[in-house]
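Before any questions on how it binds or moves, here is one chain, the form predicted alone, in structure tokens.
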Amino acid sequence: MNSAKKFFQNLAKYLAVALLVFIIVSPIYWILVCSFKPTRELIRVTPTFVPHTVTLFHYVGLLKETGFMTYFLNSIYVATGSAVLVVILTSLAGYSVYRCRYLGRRFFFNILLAIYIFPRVLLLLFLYPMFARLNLVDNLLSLVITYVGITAPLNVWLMRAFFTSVPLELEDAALVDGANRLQILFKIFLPLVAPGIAAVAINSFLMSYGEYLFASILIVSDRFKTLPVGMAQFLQQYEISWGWLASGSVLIILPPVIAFAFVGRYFVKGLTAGAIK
């Protein structure tokens, strides 16, 4: 009786995992398959799960006839710039709120997370007039500043969790040897919390790379549009470029996939370590 019960419990677990994998993988597979289908097969009433004819027509048209590469480079610039600034600022802030002692330190740490109380659309009521006065509307720098402000508070909290794992004795020994705070941070703490830095960098990159709301409001001209906004142009009133949408979606996911291929294990390790502190 117990063996039968255990069998059905394991079967239910495997079925649940298989269902979850199917739900996650099937949209990716469908987009990938559609990107290689010719247009006549792509718009057929009866779908084909394996393309009868494989073509690169949509990829060639996407790269030659649209501004996809401009959108792609803009997104990479904005996401990379945001990630670099967030890593630098959150490393300094995380060390400050955990290791340094000064008046208002705890209040400063708590107020950082207050930004998430407000809906993001309300932030535009403040950000847009400010950027307009600074002549930063329709400028990629405005997106970098915005994304740093949005992603940094949560990442400060994450970095603080990693700094708690570093023994206090290491810092005390370095202070006795004459090291200053910046030397302790860069030579002792940051090498020890490398998984946390990877987690912060990837998290910031992904949140900035796929953001649509602020990019659609703060950017006006076509040459500064990012991928989410640029790809939305393929959804026209009377015609939808399904082939370009599918091929563009495949190309869009390449940078995150490549990033996870190199530092994904540090990202997972970082999130796990930060969760138990």
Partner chain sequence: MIEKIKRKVLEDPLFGYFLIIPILVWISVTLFYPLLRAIYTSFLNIEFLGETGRFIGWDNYARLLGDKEFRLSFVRTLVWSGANVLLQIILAFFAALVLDLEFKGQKFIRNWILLPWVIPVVVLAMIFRWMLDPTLGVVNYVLQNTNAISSPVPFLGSVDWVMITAIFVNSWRWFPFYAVMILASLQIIPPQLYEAAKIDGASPFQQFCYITLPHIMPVLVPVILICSLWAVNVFDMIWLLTRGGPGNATQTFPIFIYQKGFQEYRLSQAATAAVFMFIFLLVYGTIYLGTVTLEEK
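Everything quoted here is computed from the prediction, not taken from an experiment. For the two forms, the rigid core is made up of the largest set of C-alpha atoms that agree within 1.5 Å on superposition. Numbering follows the first chain given and starts at 1.
A second form of this protein, the form predicted in complex with its partner chain, is not displayed here; the remarks below concern that form.
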**OP:** Decide yes or no: are Val50, Ala79 and Pro195 jointly within 4.5 Å of its partner chain in the predicted complex, with each residue judged by its heavy atoms?
**Re:** no
**OP:** Let me know the one among Val220, Leu235, Met69, Leu56 whose heavy atoms come within 4.5 Å of its partner chain in the predicted complex, would you?
**Re:** Leu235
Original post:
Does the 4.5 Å heavy atom contact test between Lys187 and its partner chain in the predicted complex come out positive?
Top reply: no
Original post:
Is Ala132 close enough to touch its partner chain in the predicted complex, meaning at least one heavy atom pair within 4.5 Å?
Top reply: no
Original post:
Looking at the partner-bound form in the predicted complex, is Cys34 within 4.5 Å of its partner chain by any heavy atom?
Top reply: yes
**OP:** Classify Pro191 as contacting or not contacting its partner chain in the predicted complex by the rule of any non-hydrogen atom within 4.5 angstroms, answering yes or no.
**Re:** no
**OP:** Just give me the residues of 100 to 123, first to last, that have a heavy atom within 4.5 Å of its partner chain in the predicted complex.
**Re:** Cys100, Arg101, Tyr102, Leu103, Arg105, Arg106, Phe108, Phe109, Asn110, Ile111, Leu112, Leu113, Ile115, Tyr116, Ile117, Phe118, Pro119, Arg120, Val121, Leu122, Leu123
Subject >> Rigid core superposed: Arg106 CA moves 2 Å or more between the shown form and the other one >> reply: yes
Subject >> Rigid core superposed: Val21 CA moves 2 Å or more between the shown form and the other one >> reply: no
